[in-house]
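This document starts with one chain, in the form predicted alone, laid out as structure tokens.
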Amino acid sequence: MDHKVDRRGFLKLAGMGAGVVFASRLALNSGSALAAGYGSGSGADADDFFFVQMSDTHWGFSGDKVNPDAKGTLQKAVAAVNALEHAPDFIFFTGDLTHTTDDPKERRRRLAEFKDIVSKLNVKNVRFTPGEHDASLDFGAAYQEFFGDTHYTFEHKGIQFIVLDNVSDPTASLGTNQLAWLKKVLDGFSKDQNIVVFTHRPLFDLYPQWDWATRDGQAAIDLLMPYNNVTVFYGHIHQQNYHMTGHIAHHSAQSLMFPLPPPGSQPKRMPVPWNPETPYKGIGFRETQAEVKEHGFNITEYPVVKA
């Protein structure tokens, strides 16, 4: 099976099917080719890598009707990732690390507990962005004490990663300062640069009635639009969703605490009740393989706990 595609092709493939790349292998070959897939690793190029996206762990949540294992699910998720056949190059948490609380001391206690639990991941490079549960009540102050900047960039093997904060502002906005920062960052890239964006809320208007949007997200999309190879990974909606804005693919992650219903499928946004016959359904992460010849995906779901 030939998984090799050019640098532009990978991010196009990432947007062509229903699959969300929660764990994706990317390879930069000597000919500037980009490969996708999660294989055995034998004979892989030195620059091959894959990353894992985890999201919406909501540490501190309680509610037996939604998740009777709320105090153990995150630890099981850490164990599941540690059990992957190949360790990822890095892991990225796309927000709502903790569950909201009005008590500043409790917020910090939850952040400290979360940080301690995920320190057991067998990957040194673990990065974060806040969710509104972590940051909107104090403009990200407590979050920054534990995890540093809420928006930043990093580079990994030729790919530029941009982390945006659309939650510290309680109006669910990026704000003019961050948009100016984003423009300055993008001005330093060529139009063919591979760019991956991590954020918590969707940048597009998925379902504003349920707070599934970013007030000035379109401004960020407009800044990204001139660049040919852009993919966005986000959380917040606790389910898999795929959306295109022009050539930019947006992929959401499942939650690691509880699923939420499809947008607009019921009057109120309420967690999906726990079903003891199918425990952990809708909770987890998954591996996606791109089949270039068929322009499709082979998808393997990874539950937090195996049946």
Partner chain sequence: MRTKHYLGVVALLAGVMGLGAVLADTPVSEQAQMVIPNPGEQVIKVSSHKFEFVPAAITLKKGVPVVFELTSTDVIMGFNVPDFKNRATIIPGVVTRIRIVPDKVGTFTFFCDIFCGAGHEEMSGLITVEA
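Source: prediction; values computed, not measured. Numbering follows the first chain given and starts at 1.
From this point on, the text means the form predicted in complex with its partner chain, which you will not see here.
Q: Residue-level question: is S136 within 4.5 Å of its partner chain in the predicted bound form, judged on heavy atoms?
A: Contact with its partner chain, yes.
Q: Is D116 part of the interface with its partner chain in the predicted bound form - any heavy atom within 4.5 Å?
A: D116 lies outside the contact set for its partner chain.
Q: Does any heavy atom of G175 come within 4.5 Å of a heavy atom of its partner chain in the predicted bound form?
A: Result yes; G175 sits at the interface with its partner chain in the predicted bound form.
Q: In the predicted bound form, does D89 come within 4.5 Å of its partner chain, counting heavy atoms only?
A: D89 lies outside the contact set for its partner chain.
Q: Name the residue from D211, E145, E106, D149 that puts a heavy atom within 4.5 Å of its partner chain in the predicted bound form.
A: None of the other options qualify; the answer is D211.
Q: Given a 4.5 Å cut-off on heavy atoms, tell me which of 164-172, 227-235, 151-159, 188-196 is the interface stretch with its partner chain in the predicted bound form.
A: It is 164-172 that comes within 4.5 Å of the partner.
Q: Out of 80-106, which residues reach within 4.5 Å of its partner chain in the predicted bound form, heavy atoms considered?
A: Residues within 4.5 Å: T100, D102.
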